[in-house]
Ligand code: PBG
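Only one chain is shown below, in structure tokens, and it's the form predicted on its own.
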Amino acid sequence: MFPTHRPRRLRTSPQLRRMVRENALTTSDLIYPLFAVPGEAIAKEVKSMPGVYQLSVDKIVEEAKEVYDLGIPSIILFGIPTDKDADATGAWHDCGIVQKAATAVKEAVPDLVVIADTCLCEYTNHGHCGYLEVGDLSGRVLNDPTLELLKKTAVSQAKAGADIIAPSGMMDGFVVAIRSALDEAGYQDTPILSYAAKYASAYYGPFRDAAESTPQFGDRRTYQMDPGNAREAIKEIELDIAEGADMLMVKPALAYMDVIYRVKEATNLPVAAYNVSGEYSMVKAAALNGWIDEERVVMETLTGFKRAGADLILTYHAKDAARWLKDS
């Protein structure tokens, strides 16, 4: 008679559990999102995202120093301009808010990796991610004219010091357009982190409060992916790889772990998962009501993204997670 196999033998102590753990979260996996606004000494909390703030550039620099001291290697910058227009001027202007924040952070914390979100919705007066047909209230973005704005935006962000360009508008051909523009401008070594599989999700609500980017009409379903589709994500990432993407992102993360897994299986490129605002706010709300153990839920969720195949995790929990990892 063969001895009975008892898996529980390897669970009897914390030391054994750590030794045989298949996936482990580290601070090097984390990317912290920050929202930059004009002005000085501004730290305005986002009501729907407890602990998350709109920050002026001086406060962004303070936050960047704290992030770096916690061992988190990277931030991603989003901008909220003073003025918005149909040409998304604030996105690509050399004095745009993300450009100012990127320059200031790189001067203060040179070794921190600065990612620039390369999209237009925060900067257009209608809240969509590019040019619209005059009089069209459906939210149908004109693809090719929008690519020209994205090219200008990417180059201006790289010029300002951004280490990584992260286009998120889900325009067809945006990776190759941005790659060509960066190369022509002398930024051949600036990598592109493509929001390759970005879904038209209900989980983005609190972000739109933070970034002040809610569409004034229509929605983004004509360019962001349908939540029911998984095979389409593979088609999207294959196109982005062929166009020169260096890293790939799946957004959101929590309801799309199957997509993270499929993307990871389909490529050798680094895969990022965006633990988005709605996922964050649900945890914070439940924790504030005493319904869950925030630390355990956050760490289990982030580890789940790793298990699904994410190499990098963009999360508003990053600072807390770094502290908990340090104490564990």
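Residue numbers run from 1 along the displayed sequence. None of these values were measured; they are calculated from a predicted model.
Just so you know, the form predicted together with the named molecule exists too; it's not on screen, but the next bit is about it.
Trainee: Which is the contacting stretch out of 56-64, 275-283, 36-44, 289-297, given heavy atoms within 4.5 Å of the named molecule in the predicted bound form?
Mentor: In short, 275-283.
Trainee: Judged by heavy atoms and a 4.5 Å cut-off, are 129, 224 and 251 together in contact with the named molecule in the predicted bound form?
Mentor: Yes.
Trainee: Have a look at 192, 233, 141, 119 for me and say which one sits with a heavy atom within 4.5 Å of the named molecule in the predicted bound form.
Mentor: The option sitting close enough to the partner is 119.
Trainee: Pick from 152, 100, 106, 220: which has a non-hydrogen atom within 4.5 Å of the named molecule in the predicted bound form?
Mentor: Looking at the other structure, the residue within range turns out to be 220.
Trainee: Is residue 168 close enough to touch the named molecule in the predicted bound form, meaning at least one heavy atom pair within 4.5 Å?
Mentor: Yes.
Trainee: Please run the contact check for residue 198 against the named molecule in the predicted bound form: heavy atoms, 4.5 angstroms, yes or no?
Mentor: Close contact exists here: in the predicted bound form, residue 198 approaches the named molecule to within 4.5 Å, heavy atoms only.
Trainee: Using the partner position in the predicted bound form, report whether residue 123 sits within 4.5 Å of the named molecule, counting heavy atoms only.
Mentor: Outside the cut-off, so no.
Trainee: Heavy atom to heavy atom, is residue 207 within 4.5 Å of the named molecule in the predicted bound form?
Mentor: Residue-level check for residue 207: yes, a contact with the named molecule.
Trainee: Is any part of 58-88 within 4.5 angstroms of the named molecule in the predicted bound form by a non-hydrogen atom, and which residues would that be?
Mentor: Sequence-ordered list has one entry, 78.
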